[in-house]
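The data below hold one chain only, encoded as structure tokens and taken in the form predicted alone.
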Amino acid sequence: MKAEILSIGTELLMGELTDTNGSWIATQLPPLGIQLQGISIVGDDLPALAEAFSRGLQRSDFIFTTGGLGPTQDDLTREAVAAALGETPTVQREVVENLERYFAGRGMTMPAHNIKQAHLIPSAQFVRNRNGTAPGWWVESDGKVIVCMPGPPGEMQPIWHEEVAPRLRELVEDEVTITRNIKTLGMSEAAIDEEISEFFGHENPYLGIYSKADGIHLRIIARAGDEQVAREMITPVEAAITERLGAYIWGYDSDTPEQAAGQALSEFGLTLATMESCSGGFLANSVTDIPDSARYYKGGVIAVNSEMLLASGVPPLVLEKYGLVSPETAMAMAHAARNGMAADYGVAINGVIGPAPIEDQPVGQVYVAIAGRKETRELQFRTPPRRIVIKRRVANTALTELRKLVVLENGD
């Protein structure tokens, strides 16, 4: 089964928004046995959209779209599908009433333009959207399927999980594709390639290697007639990678550094405090992206100068001897955070974010220190001298190293 994705909206072509929906849907298709042929961005132009649907129906079994389902004049997805299929939309009174209740529940009167969202063609069925006013469309014509979903990810992703994916599983039976993503940190791409070289270059299962902001990712992809067989194909490859790279593996699949660290702290009932001097609170922000982080996160300090470091518990002698940016100051910060907030672990970030060097240290020089219950960890490295890269990489490194230390000190 072949598919393509249309991300719809002139704002995407203008660079005002970045299309994240297309890549997200792409990750959902392999486990369903659907092969993605391509992703296109199409502006809010009716002839161009209708042509895109007509071409897609000729070469693909499925077309998935996001965007263009709103109530305004430039929301043209419905009209374009109707034009491509030669069908006429009509207003569905039941949906109008649902929209009216939606607005009434918020103390508002439904604008007349929202009636547009109640249009339907004979080949289409509505797809329920419990998070917004725009229902999706599921269209079947001549053995082909078009699935139209709203653009906001907070609406699109629930629709996919709750409505679209279950229907696709009923339709697709030929082949299943299973992936396993293994995430590492601390080894270079070349070193990993050398360590597990014999697993590269095979078609099924396929092993890919990717450099990411949180380390080197290894993705195993297996295709088979059913899910169990595909997973059995992945197992020996994953086992060999784990055996050889286990010390550098910090997560799997959709894990993030903050999830992995938070899970380890939660598992052992431990707490965390942070102190940052060059990352502007990026580490604290990452930690608190996890909904239940309040269970283990005591809090954080952003100290951008010596006065704030002193006020936060860093000993004056350390700053006098080693300066604002140094591994020794980073470790003193980690201990100050841990002791000052009575946490089990203290993590500190110290470095030079720019635009100019500090104390003869170049932009991109960073130090990470972790004060644990029994041991400490120190890391120092250079990153490209771009602010967001420095923040992201040092925070990811701090969290993955924290997870390793927590597991080491408290695991079996």
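Superpose the two forms; the largest set of C-alphas matching within 1.5 Å is the rigid core. The shown structure was predicted, so the numbers you read here are calculated from the model rather than taken from an experiment. Don't overthink the numbering: it's just position in the shown sequence, from 1.
Not on display, but discussed next: the form predicted together with another copy of the chain.
The partner is absent here; in the predicted bound form, the one residue of Ala240, Ala213, Met308, Val229 having a heavy atom within 4.5 Å of another copy of the chain is Met308. Between the options Pro315, Gly281, Gly323, Pro158, the residue in contact with another copy of the chain in the predicted bound form by a heavy atom within 4.5 angstroms is Gly281.
Among residues of the shown chain, Pro291 is one whose heavy atoms approach another copy of the chain to within 4.5 Å in the predicted bound form. Although the partner is absent from this view, Arg403 stays clear of another copy of the chain in the predicted bound form, with no non-hydrogen atom inside 4.5 angstroms.
Another copy of the chain in the predicted bound form is not approached by His335, whose heavy atoms all lie more than 4.5 angstroms from it.
Remark: Ala26 counts among the residues lining another copy of the chain in the predicted bound form, judged by a heavy atom distance of 4.5 Å or less. Only one of 296-304, 142-150, 103-111, 244-252 places residue heavy atoms within 4.5 angstroms of another copy of the chain in the predicted bound form, namely 296-304.
Taking the rigid core as fixed, one finds a CA shift for Ala190 smaller than 2 Å between the shown form and the other one. In a rigid-core overlay of the protein, Met108 has its C-alpha displaced by at least 2 Å between the shown form and the other one.
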